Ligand code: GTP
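Only one chain is shown below, in structure tokens, and it's the form predicted alone.
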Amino acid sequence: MGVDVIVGGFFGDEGKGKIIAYHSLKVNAKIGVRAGGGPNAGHTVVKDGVTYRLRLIPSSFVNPASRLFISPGVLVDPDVLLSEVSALDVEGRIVVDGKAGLIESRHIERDRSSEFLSKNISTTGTGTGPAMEERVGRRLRLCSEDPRLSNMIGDTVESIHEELEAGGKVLAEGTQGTFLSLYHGTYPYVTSKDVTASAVCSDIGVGPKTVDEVMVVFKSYVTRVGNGPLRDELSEEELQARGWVERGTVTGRPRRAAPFDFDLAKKSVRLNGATCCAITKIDALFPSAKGVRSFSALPQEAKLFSEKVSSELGIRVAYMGTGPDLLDIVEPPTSTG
């Protein structure tokens, strides 16, 4: 047992929350740990008809056996975190590393008042970018300094290594998507740090030898929120016709969309060192796949799409999402990869 890393393959909004939650149950992750930026990224999980929109709590919360960690690489808005802890009733399971950075009201104000950030780059206005600037400048306050978080503070890095030494599974979840990476994305229309699998490992404090799997999550089509290039972007009328109209989890902004981009996906696999992938919203391409939970019951065109993705990317398709519910998942046979 070791670390499984799950990251977004395109521009975020790929449905990582659902895949992370399902995988945490499948591998019985003892620790679910959040990497990435901060509350600027949202993950959505639908369980038993209830929709959970998460901005800081790991999506592994669905597994009652998972301890929930927020790593040193994350920026924390205490108001957002405490609200989620209360809503999800996970007090006692959540540990925030004392070295994680604090987002304060001044960061949010600066984010929203900056014409460059809010209009040109189209950031989320959550204060994440300005707080990251202070972190790099060695001026940012840390979570260990906030009394409201005192009962949650711990050394998540030490606890992760203790779990690994005991043979437990650790599930590390990234945020945003590969091409929003500060270094590898469509600069300057990117987030404030690297968000590839290597950065996830750095955020949580493990080296590459601890990693068992790197799963990249793709949606069956490409979406992005805000400004920046999007190849083969479809018009609003085309999105309506295809039923691809979506809004961002954090901001509620409409998502731009384009057909699945195999070239972009191949680059994502290389950048992340992916060992497998997941494809969500198969039912958006093939409506008769909606709610299907076995590979044999999928329509033939959905099976062929999965096989094409596996063949062109050179990795197996581990999961296919067929609907919003946590359990609307198909696991293709390994022979297709």
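Sequential numbering from 1, following the sequence displayed. Please read all numbers here as calculations on a predicted model, not as lab measurements.
Omitted here: the form predicted in complex with the named molecule. The next part is about that form.
Original post:
Just one of 36 to 44, 23 to 31, 266 to 274, 294 to 302 has heavy atoms within 4.5 Å of the named molecule in the model of the complex; which?
Top reply: Partner-contacting stretch among the options: 36 to 44.
Original post:
Pick from R255, R93, K169, R110: which residue has any heavy atom within 4.5 angstroms of the named molecule in the model of the complex?
Top reply: The residue from R255, R93, K169, R110 that makes the contact is R255.
**OP:** May I ask you to state whether K281 is within 4.5 Å of the named molecule in the model of the complex, using heavy atom distances?
**Re:** Answer yes; at least one heavy atom of K281 falls within 4.5 Å of the named molecule in the model of the complex.
Subject >> Q176: touches the named molecule in the model of the complex, heavy atom cutoff 4.5 angstroms >> reply: Close contact exists here: in the model of the complex, Q176 approaches the named molecule to within 4.5 Å, heavy atoms only.
Original post:
Taking D4, G205 and P208 together, does each of them reach the named molecule in the model of the complex with some heavy atom inside 4.5 Å?
Top reply: No, because D4, G205 and P208 lack any heavy atom that approaches the named molecule to within 4.5 Å in the model of the complex.
Subject >> Residues within stretch 293 to 328 having a non-hydrogen atom within 4.5 Å of the named molecule in the model of the complex >> reply: Result: G321, T322, G323, P324.
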